[in-house]
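Presented below, as structure tokens, is a lone chain in the form predicted on its own.
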């Protein structure tokens, strides 16, 4: 499988390294409008480089396009790749809005190409293990769940796009969408969303968000995201269950701890924090390996366009709740 990456920022750099670890996969080219990034890609990965995706497509025989441009440019690049008949891997979030995301899903379906989305949390072992434990029933029913994601300072990137809400969607769409996806994957559909944020106040680089989710099964989820924590980037979760507490804190040396009742049987610093993992094969390589295998075999990936769209819907509902001060109900079609 011959791969081309469009966008050689933090995630494009991460993905480039991952592709070179995958058997029967060749990173052939990258596209980036910045000459210095193209030169860096050529130096680091011995690939050809182009200013635009269209230039790359016209010059190279590719099977897969990996889209790592800023969120507001996802739709344009995914649709160009799909029209050219290339399978597409798109970094999260899928899109800036639900309508854009649906258009991307439709474009790939119409073109008959595979669309995968970078919700890499599903490939982190602590999250996989938590899902397995919850689904096994050994902790009993889940009553409430809390997740946290943030720290490391406000991300920096091309044209400071993270700080432009109309481009990035802020912390709610760009960061804690990881937790929306994980919780929906583990607990099922979300019915109602209520959220509060410092967004819209002075100094949006210090954003802090709290989101409450009510799941169809009655579980209450509380999702916290922040750029206020200036320490190292970190993640946490706590599942409060009938039979005890299942908890994770990335700052601990051990990835997962379970406290159960006695009666119960990731050129310099990156622009955005990339969580690390002690795994022999890192989660970013695992998710891309999975996608390449699916594209080769014509199978739907674990996180396809429809799955990623559900996470966008939850994030957009939280944004609406932040603006209106009211709960937002998610309607299932």
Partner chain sequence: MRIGIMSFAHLHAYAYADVLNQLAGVEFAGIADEDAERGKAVASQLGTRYFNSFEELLKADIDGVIITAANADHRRLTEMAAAAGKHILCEKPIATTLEDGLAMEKVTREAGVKFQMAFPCRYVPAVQRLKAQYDDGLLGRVVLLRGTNHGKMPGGFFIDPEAAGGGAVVDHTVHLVDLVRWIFQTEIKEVYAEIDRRFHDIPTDDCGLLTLELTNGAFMTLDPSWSRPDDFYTWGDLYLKVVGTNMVTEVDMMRQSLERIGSQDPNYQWEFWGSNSDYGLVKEFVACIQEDRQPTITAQDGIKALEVALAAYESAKTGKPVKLDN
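Everything numeric in this text was worked out from a predicted model, so none of it was measured. Residue numbers count along the first chain shown, from 1.
Keep in mind that the form predicted together with its partner chain is missing from the display, and what follows is about it.
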| query | Picking from 68-76, 164-172, 107-115, 233-241, which part of the chain touches its partner chain in the model of the complex when contact means heavy atoms within 4.5 Å? | reply | 233-241
| request: Find out whether any non-hydrogen atom of residue 143 is located within 4.5 angstroms of its partner chain in the model of the complex, and reply yes or no. | output: yes
| Is residue 129 close to its partner chain in the model of the complex, meaning a heavy atom pair under 4.5 Å apart or at it? | no
| Within a 4.5 Å heavy atom cut-off, is residue 222 in contact with its partner chain in the model of the complex? | yes
| request: Although its partner chain is absent from this view, report whether residue 194 comes within 4.5 Å of it in the model of the complex, heavy atoms only. | output: yes
| field | its partner chain: the contacting residue among 88, 211, 176, 120 in the model of the complex [heavy atom, 4.5 Å] | value | 211
| task | Run the contact test on 19, 125 and 183 with a 4.5 Å heavy atom cut-off to its partner chain in the model of the complex and return yes or no. | result | no
